[in-house]
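One chain follows as structure tokens, the form predicted alone.
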């Protein structure tokens, strides 16, 4: 089934306790589409970059089967840029520089070929832009998944609240879930947030795994203990891409299949953090992904006697 991802394609400059990079390819939609490319063949992208964005990076996306007809190139503008520095614990970071550039005036144009998409991933952008995408589609997709963050809860809460009833799956981290719900207990937070509209909620807990909520049903996916974590940038987006990519490939949105999708998303995210940027998730093999998924399965597999 076809997947449409709308979000940012960007430059990042990163510094972690393991080293630093100059400008490398980043952005939510980049990580999402790359992760999803291992599962679905119809993988469409709507984003915007400036004239400074190298053709070889676009070629990289296309090599992975990402359709870039919806990638706008503003020749007289500059690509969105983010620079950050991670603390020793790798869970906290400081933003060093943000330059919205062409992303500041992003007008998502949906090509005709994308109009019939069955799965829609709204990557982390302003809620008003995300809502605009839904309004510009000729028909509602089978499943709409939304990623957002605490920034929009701070400066665009009304827009976000108007958007939540229009989506099927919301993915946020535990801090954001508590902020949005004003509840400390994640179970109470989930119930309150699902009451705002989304039928399904994913709460990401970083190195502590992820929770899947739907009605009264709950599933927990552990995180894989890794020997080294080089760069957590994009891990959440890679998780989302693996999750919705798997759903699109199976065309099954049941709760049981979402549990499998959570594991595939977690496996993709575990690859992402092993190298800087997108380096690790560009050339994975099917065998590597399967072996990693089986590692996740073994973490919580046991027999009751």
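Quantities reported herein were computed from a predicted structural model and do not represent experimental measurements. Residue numbers count along the first chain shown, from 1.
Form predicted in complex with another copy of the chain: not shown, discussed below.
With the partner omitted here, the stretch from 151-159, 93-101, 126-134, 203-211 that lies within 4.5 Å of another copy of the chain by heavy atoms in the model of the complex is 203-211. For the candidate spot formed by 105, 109 and 141, no residue has a non-hydrogen atom within 4.5 angstroms of another copy of the chain in the model of the complex. Using a 4.5 angstroms limit between non-hydrogen atoms, residue 197 is distant from another copy of the chain in the model of the complex. Interface membership of residue 280, defined by any non-hydrogen atom within 4.5 Å of another copy of the chain in the model of the complex, is ruled out. The closest non-hydrogen atom of residue 185 lies within 4.5 Å of another copy of the chain in the model of the complex. Under a 4.5 angstroms non-hydrogen atom cutoff, another copy of the chain in the model of the complex lacks residue 215 among its neighbouring residues.
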